[in-house]
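Here we start with a single chain on its own, the form predicted alone, put down as structure tokens.
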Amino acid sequence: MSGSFSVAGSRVDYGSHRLHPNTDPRVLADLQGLLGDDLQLRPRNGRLHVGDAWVGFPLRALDLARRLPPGLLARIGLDSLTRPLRRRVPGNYAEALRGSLGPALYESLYEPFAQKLWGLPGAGLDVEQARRRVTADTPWKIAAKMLRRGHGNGQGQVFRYPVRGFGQIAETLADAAVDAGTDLRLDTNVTSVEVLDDRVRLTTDTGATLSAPQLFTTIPLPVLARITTPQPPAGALHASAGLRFRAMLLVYVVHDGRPWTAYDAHYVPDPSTPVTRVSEPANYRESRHDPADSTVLCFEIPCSLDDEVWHASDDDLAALAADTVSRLGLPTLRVVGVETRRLRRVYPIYTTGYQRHLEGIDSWADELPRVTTFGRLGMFVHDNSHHAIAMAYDAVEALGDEGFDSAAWAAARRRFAGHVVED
């Protein structure tokens, strides 16, 4: 998901990705050292569709006052004043955000987004989903973020992005790793993980075996449970089956002309379309490499593997994209090409009570000798790429001459629990 590839001569990403200002300083310093001027600092310039209107994203007070329907603004204001009356311990995502933000904002924005992103109504999602995904969880925090524009580290207002797409970060790190002696094997599927007395042995789909005293892995936890020997206890294996992921269909539409709009991304909670975001990668950067006469748009469609849209043809998906922009009042698409990518595991779904499933398999994985799991899928978290890189730094630092420092890694994991996702 952190890679990039070319469509019609334009580098595109697997969805919308940015390097956020709250990236760990040690990670950011290394990336700046490796990428140099190719890592550009860019202003955020998105839009959010709410209340049948487009508002700037990041939010701006004057823009909201001008564009939101007066009735919705009045309801949001009233919800802010009555928030003390809604104080109670929330039992799920819906109760947490309805109580903190108020019914108006929740029903117009967060509930439809939840249904589209994770395939469940807010009442079916754990309260942890709100903590992990919503940084400004009260109207006053939203107002404070708007007032802080231009101050602080620029969080939410600017981002860093490589001139050759977000994947240039992974490519540059890979090149540096190879230069340092890494044996990098791409397009290689691991079919088994065997934990031995003094090492861990992997087998690949070609029949090759690899072994080392320590394994760092980002394999999805349920998959790791299925392919590891010795197998987890029956209870842990059963728990892993309770962890669910949301798939993502990415539709890349080549548009005749450039730019399509001046915005980098459009966020779409609107339930009339399955699309949640439309991004224009060329607007994330200044690059002489991008075609001058065309641009590529990425339509993100979260779904399940058994949904009809997962199996749709490119022509049908291009028609869905055209219908979406028409419904939302966006510029007409002049389609000259379309490509699709299908990702089977993108968003962990925090169903109500998911922790008991996660704890059952995570405790087994955490106790595996010489095996360290981390990353978005390896820890069943929603973290951004900069979080995953920071995890890797901590994992490496825990590996010393005397072996792996489990106490240092446990402390790092406690820090990871405070991560909050930036969109």
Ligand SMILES: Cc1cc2nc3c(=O)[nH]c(=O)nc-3n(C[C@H](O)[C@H](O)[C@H](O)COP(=O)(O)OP(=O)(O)OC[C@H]3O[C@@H](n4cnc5c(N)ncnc54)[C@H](O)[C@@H]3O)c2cc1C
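One-based numbering along the sequence shown. Just so it is clear, the model here is predicted, and its values are computed rather than measured.
One more form of this protein, predicted together with the ligand, exists but is not displayed; see below.
- Contact check for G102: no non-hydrogen atom falls within 4.5 Å of the ligand in the predicted complex.
- In the predicted complex, the ligand sits beyond 4.5 Å of every heavy atom of L320.
- None of the heavy atoms of H266 is located within 4.5 Å of the ligand in the predicted complex.
- At the 4.5 Å threshold, heavy atoms of W409 stay clear of the ligand in the predicted complex, well away from it.
- Proximity to the ligand in the predicted complex, defined as a heavy atom within 4.5 Å, singles out one entry of A236, V190, L330, V127, which is V190.
- Contact with the ligand in the predicted complex, judged by any heavy atom within 4.5 Å, is made by just one of V200, V251, I219, C303: I219.
- In the predicted complex, no residue of the candidate spot (L31, D38 and R285) has a heavy atom lying within 4.5 Å of the ligand.
- Here the chain stands alone, but in the predicted complex its contact with the ligand, taken as any heavy atom within 4.5 Å, falls in 374 to 382 among 62 to 70, 357 to 365, 47 to 55, 374 to 382.
- In sequence order, V346, Y347 are the residues of 346 to 362 having a heavy atom within 4.5 Å of the ligand in the predicted complex; the partner itself is omitted from this view.
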